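As a starting point, one isolated chain is supplied in structure tokens, in the form predicted on its own.
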């Protein structure tokens, strides 16, 4: 079955999704900007304030610790950063964890585009093996950057897969075959939105906020067929504040919907409030110089 191209959203009943409740972070001990992998890194080589990096990362960690204390999540885990892996702190990219049809915790390891980031993946493999995950290597694709490009639809066994910059569209057929889960490929057409997690935030089964400048017309048509309500965020706000790199938690068993994002957005805050979210605004400017913010800096695991 071709699960990524033949889905009619009006003709299929999706299985419910089991949501992960643990947070994985990677410490920023060796975070640096030593080359240019995206437009945000231009002009920032060597301009890393390590004091700000540590303080901002700790603020994000404390938000998650608070959410654990309130029962929204179960645990915060921290993987130590590694010297020579300056982007490892962006731990949304190196893997794609899931629970297989037999209930086995599994993870697909990424095939990173840049050689400097390929070095990060073995450390994540070692971590996942240490906590009992089955690790899977892709064999039919060259580029796939994990949960940076693969976003779940809330409450449903359905994913959206960004392609065009860091991941290939063909990756999603292989991943769909492995996981048994449908994946909707979405072409990313702007270099400012090089991962799907920079421009696309599902807020509920029916609502999503996004920047339409990131997507092709075909991609927008697909999104419109799966969501009843779309909050459109201007490209300037999305680029200036990384607001579409927000992380939202909307689990049926939780008493509240919560979100954490870079401070300073207007339209995204309005959308989150309209959807009933309790909002945490934090400072991530030290990481934005490298092209990432909140969503990039965490991984949800089972």
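Everything numeric here is computed off the predicted structure, so don't read it as measured data. Numbering follows the first chain given and starts at 1.
The form predicted in complex with a small molecule is left out here; the points below concern that form.
Colleague: Among 125, 117, 111, 156, which has any heavy atom within 4.5 Å of the small molecule in the model of the complex?
Modeller: The option sitting close enough to the partner is 117.
Colleague: Scan 96, 90, 215, 144 and let me know which has any heavy atom within 4.5 Å of the small molecule in the model of the complex.
Modeller: Selected option: 90.
Colleague: Could you tell me which stretch in 133 to 141, 225 to 233, 195 to 203, 98 to 106 has residues with non-hydrogen atoms within 4.5 Å of the small molecule in the model of the complex?
Modeller: The contacting stretch here is 195 to 203.
Colleague: How about residue 41: is it within 4.5 Å of the small molecule in the model of the complex, going by heavy atoms?
Modeller: Yes, residue 41 lies within 4.5 Å of the small molecule in the model of the complex.
Colleague: Can you work out whether residue 284 and the small molecule are in contact in the model of the complex, taking contact to mean some heavy atom pair no more than 4.5 Å apart?
Modeller: Output for residue 284 is no: heavy atoms all beyond 4.5 Å of the small molecule.
Colleague: Answer for residue 257 alone: is it within 4.5 Å of the small molecule in the model of the complex, judged on heavy atom distances?
Modeller: Outside the cut-off, so no.
Colleague: Taking any heavy atom pair closer than or equal to 4.5 Å as contact, tell me whether residue 37 reaches the small molecule in the model of the complex.
Modeller: Yes, residue 37 sits close enough to the small molecule in the model of the complex that at least one of its heavy atoms falls within 4.5 Å.
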